[in-house]
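The form predicted alone is given below as one chain in structure tokens.
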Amino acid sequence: MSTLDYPSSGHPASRIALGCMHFGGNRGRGEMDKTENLRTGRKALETALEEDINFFDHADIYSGGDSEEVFGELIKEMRLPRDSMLIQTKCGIRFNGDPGADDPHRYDFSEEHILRSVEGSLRRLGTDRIDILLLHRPDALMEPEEIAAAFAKLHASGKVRAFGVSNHTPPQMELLRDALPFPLVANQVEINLLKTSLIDAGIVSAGREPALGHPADGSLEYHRLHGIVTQAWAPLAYGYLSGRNPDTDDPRIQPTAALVHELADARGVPAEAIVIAWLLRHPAKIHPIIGTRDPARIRACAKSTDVRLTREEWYRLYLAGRGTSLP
């Protein structure tokens, strides 16, 4: 599998990353059987390693921390060398009741919370360092200098190698870049064949209506200008284009899925490979974070690195997913 470079992270990352959100099960659905989560997680991790995937994405809130804990137990149980993988986690989201009963759902980029979150992630993951730390969702009360102080402490202590953000706009990243002692290496955003707004934002014409604007206009270009990797969450569009029965009446799904399967059949690859290959074809060098524990889907996604879509195929898919013609 080809690789992608993240400055200061340690070593090259696999072109496909495995999102580990579900390793701890889903608390909302009662999936708290740790033995089952370890068994399922191990199969997923073994498959990822077989496919040369070495980049693993976490967050302190995933399954209330259980996903990090399960992953930490697995790498210890499997005796995986720490230097053989890149581990990324995120912090900054706090839910209702954390810690006080009346405390609201909020975002928290205070120095105290960042430092405390990292300590918790290190403990649960059973490691002495995090390769990349992302700020999960923009905090309206963000103080860049306070974030810089936290990052400086984490870097000096060797607990975090590199830093980035998630779901941030170019102006928010610019505020941080002016204050931080280190470059931002990534911004993780939602982008897939059914969520094309970040690409749509670059399709500009004199007749463009304001309604087509997006708060993150210029994100992909900003990333490219500043060497920031565009990480894609939900790159498979929730599976709607590769076999999952839609639970929405979005009229774009059926024609886009039909085209995905047409191209997959022509190439002799699974549908997932086409969906991911569409992202890989973009010159922003998008890094898909596939969030699945299913070994078959992991293998299917890994085949995307063998697919090079033509310009015409890429645009056919884009127009289908976009659901409207170009200007």
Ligand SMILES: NC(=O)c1ccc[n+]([C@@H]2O[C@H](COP(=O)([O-])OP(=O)(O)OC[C@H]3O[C@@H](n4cnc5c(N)ncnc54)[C@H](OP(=O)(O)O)[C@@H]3O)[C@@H](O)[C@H]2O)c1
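Predicted model, so just to flag it, every value in this text is computed and none were measured. Quick note: we count residues from 1 along the sequence shown, nothing fancier.
What follows is about the form predicted together with the ligand, which we do not show.
Stretch-level contact analysis of 69 to 77, 166 to 174, 108 to 116, 195 to 203 against the ligand in the predicted bound form, using heavy atoms and a 4.5 Å limit, identifies 166 to 174. Every residue in the set Arg137, Ala237 and Arg293 has a non-hydrogen atom no more than 4.5 Å from the ligand in the predicted bound form. Proximity to the ligand in the predicted bound form, taken as a non-hydrogen atom within 4.5 angstroms, holds for one residue of Gly97, Gly243, Pro181, Gly158, which is Gly243. With the partner omitted from this view, the residue of Ile289, Leu263, Leu45, Ala273 that lies near the ligand in the predicted bound form is Ile289 [heavy atom within 4.5 Å]. In the predicted bound form, the ligand lies within 4.5 Å of some heavy atom of Trp233. Contact between Tyr62 and the ligand in the predicted bound form is found at the 4.5 Å heavy atom cutoff. Contact between Gln188 and the ligand in the predicted bound form is found at the 4.5 Å heavy atom cutoff. Contact between Arg297 and the ligand in the predicted bound form is found at the 4.5 Å heavy atom cutoff.
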